[in-house]
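Let's start with one chain on its own, the form predicted alone, as structure tokens.
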């Protein structure tokens, strides 16, 4: 693609533009299985620079793909048509902290954990807590409507977005939303941008709603010999009126992976549930923890440990915290791939869904883990395969189709927090079949030249296996 490198350098400076082979390779993939090289990587430092870059791209009809940390698991920032990858990490200013209004204004490249470190002295925090919080940026969280392990109490990113500045496809910068907790007039365009994965506009700033830092918290863990009991217990807690701040489930595959990688000595059971309650008053937290434990015992939970000591809480949660990297140590020769990785189901269907996932995996000769933010009905899966074998990819594709078919049958949804992009697009398009033309009309109206992250979501290819190059060498 004919990209005017010198024009881009005149906008952001020589040091913030690269077409070196090394950089193009690095920016050709994210945390997904997909890979496609851009023509150039550009690192803007201001909204005005983003506007100038977008105006140029729109004029020349050059694809432009915004990118935060590259931690997306479905190919969000993989530039299928080449063009410009817009690295937003230079835009990392925390611009205005207003604890009296319970809000903060930040640029899109601010890292989630860095933001919460800055907010801590003010006694407030930004509630979404994705597992990638030490690297993921606010812009990326907005793009996928990220949530995390405390979504059961605080909701997802969309629930904490008050407003944003967005550069549209024509280069115009719009201020969407407001600085007020309520806003009733007109279309809620800022909420439309959340979850749009960079296909409708490029977020450069965001106004975020904060929550008070809880003064007290307790973490616990409980074991289940039967997965069905764990699922029923979680469903009963959801119906009880108690509001735990975390309910995390690990299945036997996840438990084995953590024990293999870290020698943690977790029990050999079908499921472990880690739970947390937090609040501003100790008696409130104690009461909630007691009720949660009662419900677990009523559903055959055993080996319950509970603590409010920081070191003990860190020990209890360590297995879940280190689970994702541990999965590739489950068995020599297998790697963890993100394909059907964050579906959400009604809470009453959690146990049945995890059992179905393992049944599908066994029938297709692969291994799948199932874990996640069970309190909000969100289940993470990773497929453990030998990526050099084409037969393993074929089996994975078949398993993915079967998993998502079941998810739709039980009233679930394709993605609970990681977004769609490429890997999950075929299943998501089946789920949203009656809405796709409306979505395409919105995309056409806001981006008539289709330059903003093209071929994602409703316009993604129908076969994720051949959508791009795989970033693994497949021998056959």
Partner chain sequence: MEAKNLEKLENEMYVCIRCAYCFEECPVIRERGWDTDGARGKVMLSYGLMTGDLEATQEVADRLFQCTTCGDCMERCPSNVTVVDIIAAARADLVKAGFSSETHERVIQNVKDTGNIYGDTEGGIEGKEGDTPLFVGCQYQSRPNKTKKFIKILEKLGIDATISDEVCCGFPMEILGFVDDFDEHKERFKAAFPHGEAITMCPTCTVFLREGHDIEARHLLQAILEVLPQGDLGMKVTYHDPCDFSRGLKIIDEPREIIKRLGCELIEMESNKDGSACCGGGGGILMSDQELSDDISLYRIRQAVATGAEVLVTTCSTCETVLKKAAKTVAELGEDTITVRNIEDLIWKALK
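Throughout, rigid core stands for the largest set of C-alpha atoms superposing within 1.5 Å between the two forms. Positions refer to the first chain, counted from 1. As the structure is a computational prediction, the values presented were derived from the model and not from experiment.
Beyond what is shown, the protein has a form predicted in complex with its partner chain; the following relates to that form.
Although the partner is absent from this view, residue 30 contacts its partner chain in the predicted complex, with a non-hydrogen atom inside 4.5 angstroms. Among heavy atoms of residue 134, some come within 4.5 Å of its partner chain in the predicted complex. Although the partner is absent here, residue 23 sits close enough that one of its heavy atoms falls within 4.5 Å of its partner chain in the predicted complex.
In the predicted complex, its partner chain sits beyond 4.5 Å of every heavy atom of residue 189. Across the options 405-413, 47-55, 443-451, 63-71, residues that bring heavy atoms within 4.5 Å of its partner chain in the predicted complex belong to 63-71. Among the residues 216, 122, 324, 317, the one placing a heavy atom within 4.5 Å of its partner chain in the predicted complex is 324. Screening 226, 287, 117, 98 for any heavy atom within 4.5 Å of its partner chain in the predicted complex leaves a single hit, 117. For the partner-free chain shown, 471, 472, 473 of 449-474 come within 4.5 angstroms of its partner chain in the predicted complex, judged by any non-hydrogen atom. Residue 261: CA moves 2 Å or more between this form and the one not shown after rigid-core fitting.
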